[in-house]
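In structure tokens, one chain follows: the form predicted alone.
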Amino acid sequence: MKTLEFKTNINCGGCVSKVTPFLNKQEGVESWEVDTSNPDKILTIESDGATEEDVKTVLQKVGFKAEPVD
């Protein structure tokens, strides 16, 4: 299991609702959450095989950006 973190533009409950079905269906994503109170809107993913590129691609499909956090 690996933890991936991203800065995103997922900034409200409506945005979370929009990405939920896509992140839930993404292969290799065990669990995820977005801290919408953080200025960088940090998305934390517990990955069991999903890569940073997989997450960025799925979010781009629904109109959101994700930048990996080092």
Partner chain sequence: METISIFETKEKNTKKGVKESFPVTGMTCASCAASVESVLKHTEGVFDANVNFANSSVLIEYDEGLNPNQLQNALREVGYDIIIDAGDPSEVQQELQQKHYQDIKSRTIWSAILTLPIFVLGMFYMQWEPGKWISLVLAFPILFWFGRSFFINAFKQAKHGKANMDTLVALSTGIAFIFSVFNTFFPEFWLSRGIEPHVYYEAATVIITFISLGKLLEEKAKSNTSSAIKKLMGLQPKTLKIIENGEEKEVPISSVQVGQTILVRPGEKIPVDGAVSKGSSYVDESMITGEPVPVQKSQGEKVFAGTVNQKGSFQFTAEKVGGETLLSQIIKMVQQAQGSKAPVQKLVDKIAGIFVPVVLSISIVTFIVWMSVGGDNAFSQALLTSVAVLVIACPCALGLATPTAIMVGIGKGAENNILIKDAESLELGHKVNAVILDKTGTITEGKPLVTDIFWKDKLENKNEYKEILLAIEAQSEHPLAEAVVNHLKEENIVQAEITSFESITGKGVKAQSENGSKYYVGNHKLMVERNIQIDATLIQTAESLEEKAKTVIFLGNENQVLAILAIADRIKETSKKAIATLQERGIEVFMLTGDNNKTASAVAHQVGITNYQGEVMPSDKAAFVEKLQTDGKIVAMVGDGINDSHALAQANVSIAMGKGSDIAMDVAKMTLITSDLQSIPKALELSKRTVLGIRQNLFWAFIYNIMGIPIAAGVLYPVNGFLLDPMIAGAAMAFSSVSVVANSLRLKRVKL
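Positions refer to the first chain, counted from 1. Because the structure is predicted, anything quoted here is derived from the model rather than measured.
Form predicted together with the partner chain: not shown, discussed below.
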{"property": "Residues 1, 50 and 55 all lining the partner chain in the predicted bound form, heavy atom within 4.5 Å", "result": "no"}
{"property": "Non-hydrogen atom contact residue 34 with the partner chain in the predicted bound form at 4.5 angstroms", "result": "yes"}
{"property": "Any non-hydrogen atom of residue 68 within 4.5 angstroms of the partner chain in the predicted bound form", "result": "no"}
{"property": "Residues within stretch 34-70 having a non-hydrogen atom within 4.5 Å of the partner chain in the predicted bound form", "result": "34, 60, 61, 62, 63, 64"}
